[in-house]
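Okay, here we've got a single chain as structure tokens, the form predicted alone, with questions on binding and movement later.
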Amino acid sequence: MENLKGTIFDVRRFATHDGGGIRTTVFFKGCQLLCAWCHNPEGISTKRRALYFDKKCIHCGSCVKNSKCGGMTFQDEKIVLDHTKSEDWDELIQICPTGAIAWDSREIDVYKLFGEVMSDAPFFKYDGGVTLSGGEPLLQPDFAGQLLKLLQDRGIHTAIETALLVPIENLKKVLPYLNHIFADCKIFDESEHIRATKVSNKLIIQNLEYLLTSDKKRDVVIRTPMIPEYTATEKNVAEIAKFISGIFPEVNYEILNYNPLALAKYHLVGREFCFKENPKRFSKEQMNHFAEIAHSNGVRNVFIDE
């Protein structure tokens, strides 16, 4: 089997929210959606780039002194990284004594990654396994498919988290090697979807229809993150519920509570967060209300992740 290479930005161990049991989650770099609230903004760009962590910095000035193209400068008594400069980032990363400069991701071959995740195999025996997330793992379908096949050949439970904004061929390449699929349906109305993510949801809707009419339909969970002002409306939840239950009445539907922790990452990637004031998580009563809306619009199996 060819030893393919892929780009990932994290391997998170002992995860309990990315499928059953204790899991290892591999985060693939690159996503075609630009969700205003993205929880992993470092995973959007397909390109590797250096990041600067100011809390790790001891302000020794080594990076600025060795910056040849203006990638690291002093501005207003602060160190500023400009990733648009053609800098020798490997050299600056090695020079930094505290790890305040680091790549946002790494290129890795599939057998090495397989070895890394298999080191966690003792923790998978109680219904755990490996989940591919991102970013969007289906933007690297050959690499993802090869990793999933290696895992299934060893009897490891496999899952994926996907936004489905990919050609159907990408999805078909990995489906045979998946035990579980978490597929996002964030916003049903196309114009609202474009406003929030900068892209149409037509391809997502087509792929959802394919999944919910496939042999894997009972292994699929449709997810909607509850984002204030964007997805968390009665209208949106009702429209999604009618759509997915109309295709497969026994569909599994999960609503995810808002995660306020993403804000801390945005300064690292030079993006603005969608909220000036970070909203609070929804209450149990509010989440139950959204679940009831989904249930009253045809979904029999509704789950809440608080």
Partner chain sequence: MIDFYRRDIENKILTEDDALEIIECIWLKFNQIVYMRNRNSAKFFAGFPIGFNIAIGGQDADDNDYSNEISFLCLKAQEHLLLPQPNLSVRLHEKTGDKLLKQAIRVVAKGSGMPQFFNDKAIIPALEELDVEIKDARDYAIVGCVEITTQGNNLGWSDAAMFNLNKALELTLNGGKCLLTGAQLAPNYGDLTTYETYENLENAFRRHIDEFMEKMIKACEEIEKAHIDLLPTPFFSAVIDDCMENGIDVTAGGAKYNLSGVQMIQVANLADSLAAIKKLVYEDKIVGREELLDALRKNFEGHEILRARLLNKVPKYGNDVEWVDSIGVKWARYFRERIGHYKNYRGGRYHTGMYTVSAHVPMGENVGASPDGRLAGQPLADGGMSPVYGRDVTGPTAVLKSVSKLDKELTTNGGLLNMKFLPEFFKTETGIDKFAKFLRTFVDLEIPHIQFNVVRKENLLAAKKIPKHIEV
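From a predicted model like this one, the values you see are computed outputs, not experimental measurements. Positions refer to the first chain, counted from 1.
Beyond the structure shown, there is the form predicted together with its partner chain, which is absent from this document and is the topic of what follows.
Of the heavy atoms in residue 69, none are within 4.5 Å of its partner chain in the predicted complex. Of the heavy atoms in residue 298, none are within 4.5 Å of its partner chain in the predicted complex. Its partner chain is not shown here, but in the predicted complex it comes within 4.5 Å of a heavy atom of residue 16.
With a 4.5 Å cutoff on heavy atoms, residue 218 does not count as touching its partner chain in the predicted complex; it lies far away.
Taking 46, 252, 62, 259 one by one, only a single residue has any non-hydrogen atom within 4.5 Å of its partner chain in the predicted complex, and it is 62. Here is the short version: of 227, 187, 96, 222, the single residue with a heavy atom within 4.5 Å of its partner chain in the predicted complex is 96. Only one of 198 to 206, 117 to 125, 168 to 176, 134 to 142 places residue heavy atoms within 4.5 angstroms of its partner chain in the predicted complex, namely 117 to 125. Counting a residue when any of its non-hydrogen atoms is within 4.5 Å of its partner chain in the predicted complex, the hits in 20 to 37 run 20, 21, 22.
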